[in-house]
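Before any questions on how it binds or moves, here is one chain, the form predicted alone, in structure tokens.
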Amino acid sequence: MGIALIAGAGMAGRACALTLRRVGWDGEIVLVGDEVTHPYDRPPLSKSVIVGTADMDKVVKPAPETYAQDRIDLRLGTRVEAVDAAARTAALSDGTSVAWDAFVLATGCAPRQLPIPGLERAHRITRMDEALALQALLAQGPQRLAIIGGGFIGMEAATAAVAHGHTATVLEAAPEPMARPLGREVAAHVLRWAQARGVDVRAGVAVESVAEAGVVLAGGEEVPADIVIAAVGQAPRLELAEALGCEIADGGVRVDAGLCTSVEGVWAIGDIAAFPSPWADEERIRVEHAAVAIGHGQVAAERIALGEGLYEDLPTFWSDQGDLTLNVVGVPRPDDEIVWRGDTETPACTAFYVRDGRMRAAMSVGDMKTLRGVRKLFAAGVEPPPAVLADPDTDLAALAAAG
């Protein structure tokens, strides 16, 4: 069957390697990861890992011995440094080369670099070693955190820290945290919920520099901090894709529904993949969330081993923020009309994203019954009008079943 080379041992690459064996690929599998830690789930890093409550046996999975049992050649602390699409070879940082028949790009994202003096002093939470370094600092006793960036990672870290006895100030340049992925109306509620749980959120502020004793804002005000965290987003790693000659579009590597790139024998999965989705109005979308990464890895493995399989899953992601979990399904746009159901104060509510009179996405918090109904509506292709969505007495699951 040949050799399948997977560049990147994150959640997408790991899923691809493990699925290849499950669906009958009997050739070699080489899984290359630049971290020295065995593959792990990334979502807990900014939450339970940094505050020391994670069960690490459930974060680092599968068990390390699984790779040998499944005949997966896992090379940790190693990178693919150069590739040749015509010769189908790759040079690795350990000095070896691999001749591949199938090459999977699962290179993920790199932390975004901003021209902020002193930003190198700030901690990041993009890798296990970074999360464990923060864990060691937080274990020393109550700390003052200043977090640059109010996206999902920044807000997750802030709420987790506050829930465990620390203080946290989130510094966000936009008017509301998470306004880009969730829209300003929903983001305003997320901001209010975080503030009610003790997080100090300062929106619409610009960071001038990171100093030894905290963060200096534009205008000279200093926010004191024992620990500064930079959660300013990330950018897809496209260097290998570009070296192979893969078409780049929509901020990522252009792939079809089987995760195939424009270069024969090369697939792109996870954060870097710009893929078509039956649930999106756009031609292609790029999603940086765990469930999508895992699904991509599984479908790419099926295409490599069996020559069939399409990624058509409903996009889904979640964000644990203290005692609240935001669950999002579908493909929201910031300018969608928002229709609410439930109590936004508790909160136990769902925000429906409505576009041209149709539900295109939903965000639920503390409202699992509605979330289950939303999933069933999407699966059944049923599109109730906004007034019906907003009515708490309407059983959405029953509507879906009735067709």
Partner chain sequence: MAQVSIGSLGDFADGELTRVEADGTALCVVRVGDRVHAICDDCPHAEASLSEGDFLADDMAVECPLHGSAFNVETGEPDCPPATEAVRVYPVTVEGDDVLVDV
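Everything numeric here is computed off the predicted structure, so don't read it as measured data. Positions refer to the first chain, counted from 1.
The next section is about a form of this same protein that is not shown, the form predicted together with the partner chain.
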Practice task
With the partner chain left out here, work out from 366-374, 339-347, 23-31, 65-73 which stretch has heavy atoms within 4.5 Å of it in the model of the complex.
Solution key: 366-374
Problem - Contacting member of Ser209, Ser97, Thr325, Gln113, with respect to the partner chain in the model of the complex [4.5 Å, heavy atom] - result: Thr325
Exercise for the section: Would you please decide whether Ile294 lies within 4.5 angstroms of the partner chain in the model of the complex, comparing each non-hydrogen atom pair? Expected result: yes
Practice task
Find out whether any non-hydrogen atom of Val59 is located within 4.5 angstroms of the partner chain in the model of the complex, and reply yes or no.
Solution key: yes
Exercise for the section: Would you please decide whether Asp41 lies within 4.5 angstroms of the partner chain in the model of the complex, comparing each non-hydrogen atom pair? Expected result: yes
Practice task
Give a yes/no on whether Thr78 approaches the partner chain to within 4.5 Å in the model of the complex, heavy atoms considered.
Solution key: no
Exercise for the section: Would you mind checking 316-340 for residues with a heavy atom within 4.5 Å of the partner chain in the model of the complex? Expected result: Thr316, Trp318, Asp320, Thr325, Asn327
